[in-house]
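A single chain, nothing else alongside it, follows as structure tokens in the form predicted alone.
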Amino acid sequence: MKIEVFFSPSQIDDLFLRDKNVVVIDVLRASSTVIAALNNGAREIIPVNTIESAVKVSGNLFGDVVLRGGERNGKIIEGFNLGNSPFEYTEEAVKGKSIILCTSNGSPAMWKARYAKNLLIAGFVNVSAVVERIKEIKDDIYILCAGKLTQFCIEDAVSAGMIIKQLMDDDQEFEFNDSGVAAFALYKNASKSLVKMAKASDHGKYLMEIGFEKDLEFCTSVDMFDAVPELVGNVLKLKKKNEVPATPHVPISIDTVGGKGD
């Protein structure tokens, strides 16, 4: 199996990812928020890459069975129900709801991989479950780090490195590109304290400045959840083994929404 890591969505285009197996990572914070929301009973997550698309997709259902979640500059978007902190996506807030997610970096990366054969959402909070799912796929994997505004983010790279470390612990043989080797080296350097690494990162420092220090502790907690959000139909769900893809509750397609990123 070949594992290729990309440190920014700007390195590849949508068509490159078509029919490939893709793992999207946005540690701070979209991946962690998606994982938390679905584990707290959200029906599905629909990632979009512009605020206009979020408004269009939610349509007349907004506020009833559909919530808008997302951020710009780390803060909740005006008119949205929720921001991008996993602590906002409680069972009380999201159970049974469809969530249109629009963030600065994570949701555009997810949207970019919408043509993937298998699309998995990963972070520290579900890393072992992701590794097991990769082993089940038994095919080449492309790990896409969301980064920040097309720039490298160390926390996403370290998370990719942790996936690689766990794969290397297995008896199977894997081939990694140079970015994968670099991600593994970064993980080895940061593994003693992931939260310290996150707090020292550019984005981590910014999130602490605007009052989200607890999010960093949450998002660097390893294996808090034993589940992997996957693209099922046109939405992200916690896909169960041997599950037949279901018809999405919200009658939209992420293939047809969006445009240029914000």
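We number the residues from 1 along the sequence you see. This is a predicted model, so every value here is computed, not measured.
This next part talks about the form predicted in complex with D-malate, which is not shown.
Engineer: Answer yes if any heavy atom of residue 66 is within 4.5 Å of a heavy atom of D-malate in the predicted complex; otherwise answer no.
Structural biologist: Outside the cut-off, so no.
Engineer: Can you work out whether residue 180 and D-malate are in contact in the predicted complex, taking contact to mean some heavy atom pair no more than 4.5 Å apart?
Structural biologist: Close contact is absent here: in the predicted complex, residue 180 is far from D-malate, nothing within 4.5 Å, heavy atoms only.
Engineer: Is it the case that residue 207, even though its partner is missing from this view, gets within 4.5 Å of D-malate in the predicted complex, heavy atoms only?
Structural biologist: Contact with D-malate, yes.
Engineer: Applying a 4.5 Å heavy atom distance criterion, does residue 237 contact D-malate in the predicted complex?
Structural biologist: Looking in the predicted complex, residue contacts with D-malate do not include residue 237, since no heavy atom lies within 4.5 Å.
Engineer: Just give me the single entry in 45, 231, 48, 28 that has a non-hydrogen atom within 4.5 angstroms of D-malate in the predicted complex.
Structural biologist: That would be 28.
Engineer: Choose one stretch from 125-133, 187-195, 168-176, 99-107: the one whose residues place a heavy atom within 4.5 angstroms of D-malate in the predicted complex.
Structural biologist: Among the candidates, contact is made by 99-107.
Engineer: So which bits of 66-80 sit within 4.5 Å of D-malate in the predicted complex, heavy atoms only?
Structural biologist: Those in contact are 71, 74.
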